[in-house]
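The form predicted on its own is given below as one chain in structure tokens.
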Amino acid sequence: MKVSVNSSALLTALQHVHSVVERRNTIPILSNVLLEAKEQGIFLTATDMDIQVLESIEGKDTDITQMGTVTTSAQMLYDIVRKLPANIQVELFSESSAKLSIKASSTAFALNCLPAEDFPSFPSEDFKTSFEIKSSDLIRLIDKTSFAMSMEETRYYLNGIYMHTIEADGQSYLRTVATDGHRLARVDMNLPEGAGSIPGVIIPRKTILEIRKLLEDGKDKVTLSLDETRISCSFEKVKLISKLLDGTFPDYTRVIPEGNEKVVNVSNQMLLEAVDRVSTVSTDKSRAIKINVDNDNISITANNPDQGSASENLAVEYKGDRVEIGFNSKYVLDVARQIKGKNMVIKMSDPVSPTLVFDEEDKDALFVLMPMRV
């Protein structure tokens, strides 16, 4: 293999593919990136056996002198390229599968390689359903739910986002849901064309985070392809393919209350800042705060026997009976950071029942907070 490639283009591609590689691997080949020089350009592939990311560098950014395939350390190659000057030509040359030579200006490297035939293949075709979605819509579906994904290995089926379709009031929606048992986030959008037949799938946490990184490049549209066991997310020159979680997502509708009649309308930014300040003294383990609402006033308090106490009052819109309820302050802050409108609408019932939270300007987003004893 002998190619010349623009350093900035190579760095962008490596940024996309190398992050899927685990730092510690018992299988050496999984630490490597596969480099393929073809007539069309250079193709980079990395995988951890659950996720594969492939990106191509084509056109004026590449010059293919000799086609070929090598694999070398993804992290080492990324570290080298990111330290090179921008927009210079980098020569990649390999006479055998054992060494990859890298030359850029007056700098030269020689990296060890592993046989390309040992690099695992990943099925990437024959998805049952495929549809386009705006990047901004997919970002919204991810950002407003991903914070609630569980990290507990015992309930692995909660370690991701549940994506499925629903029918409500004669309208079809694409819905994402995430929960860790302490809070729940649910977001809807109008069903994209061609998405009506998608199965209900659980997209793993790592896959969600990798897709979100790719979305930061500002692509207009994304193509999602799905079947019962895999998902593919395709951008212009990037494709991510991932296995899905094999499990059944619980019936989340059972934890969404319907009779919460104590309605509080409060400035989201003011509540976020107040909870953040008061929670400073809460214990590290529980991060508990107590919220007391009565007569257009909300009182937020925290008490730590070892450190002290804190309280803050805010003016709110509330006409119901007095209610006092405890929450984990971190969960309140996580929800507040996803409210894009000026005001947050909180619907409570009693100190032991789930609380609903809405974004005044996003009627298709719903959050549930479980109370705690304080």
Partner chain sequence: MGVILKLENDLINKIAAGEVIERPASIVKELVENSIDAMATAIDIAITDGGKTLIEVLDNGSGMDKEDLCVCVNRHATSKLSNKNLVNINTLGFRGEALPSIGSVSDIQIESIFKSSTDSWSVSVIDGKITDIKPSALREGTKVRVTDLFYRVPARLKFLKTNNTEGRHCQEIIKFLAMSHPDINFSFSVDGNKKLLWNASKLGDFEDIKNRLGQAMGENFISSSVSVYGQKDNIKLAGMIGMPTYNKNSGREQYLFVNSRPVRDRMLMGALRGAYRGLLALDRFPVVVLFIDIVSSEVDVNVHPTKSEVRFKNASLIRSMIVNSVRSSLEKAGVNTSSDISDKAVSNFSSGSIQNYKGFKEDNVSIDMNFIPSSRSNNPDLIKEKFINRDGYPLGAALVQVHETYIVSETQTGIILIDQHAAHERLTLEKMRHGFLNDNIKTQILLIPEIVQLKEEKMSIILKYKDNLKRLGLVFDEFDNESIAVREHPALLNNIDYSKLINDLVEEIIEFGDEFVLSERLDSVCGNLACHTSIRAGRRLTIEEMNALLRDMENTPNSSQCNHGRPTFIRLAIKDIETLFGRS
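Positions refer to the first chain, counted from 1. Small disclaimer: the values here were computed from a predicted structure and weren't measured.
The form predicted in complex with its partner chain exists for this protein as well; it is not shown, and the discussion that follows is about that form.
Judged against its partner chain in the model of the complex with a 4.5 angstroms heavy atom cut-off, the residues Val263, Val323 and Asn343 are out of contact without exception. Judged by heavy atoms within 4.5 Å of its partner chain in the model of the complex, the contact stretch among the candidates 115-123, 68-76, 226-234, 286-294 is 286-294. Taking the partner from elsewhere, Arg155 is found to have a heavy atom lying within 4.5 Å of its partner chain in the model of the complex.
Although the partner is absent here, Val368 sits close enough that one of its heavy atoms falls within 4.5 Å of its partner chain in the model of the complex. Though the partner is left out of this view, Phe43 does not reach within 4.5 Å of its partner chain in the model of the complex, counting heavy atoms only. Taking the partner from elsewhere, Pro250 is found to have a heavy atom lying within 4.5 Å of its partner chain in the model of the complex.
With the partner omitted here, the residue from Gln52, Ser31, Asn328, Gln338 that has a non-hydrogen atom within 4.5 angstroms of its partner chain in the model of the complex is Asn328. Comment: its partner chain is not present in this chain, but in the model of the complex one of Val275, Ile298, Leu184, Ile211 has a heavy atom within 4.5 Å of it, namely Leu184. Contact residues in stretch 338-374 (any heavy atom within 4.5 Å of its partner chain, taken in the model of the complex) are Pro351, Val352, Pro354, Val368, Met370, Pro371, Met372, Arg373, Val374.
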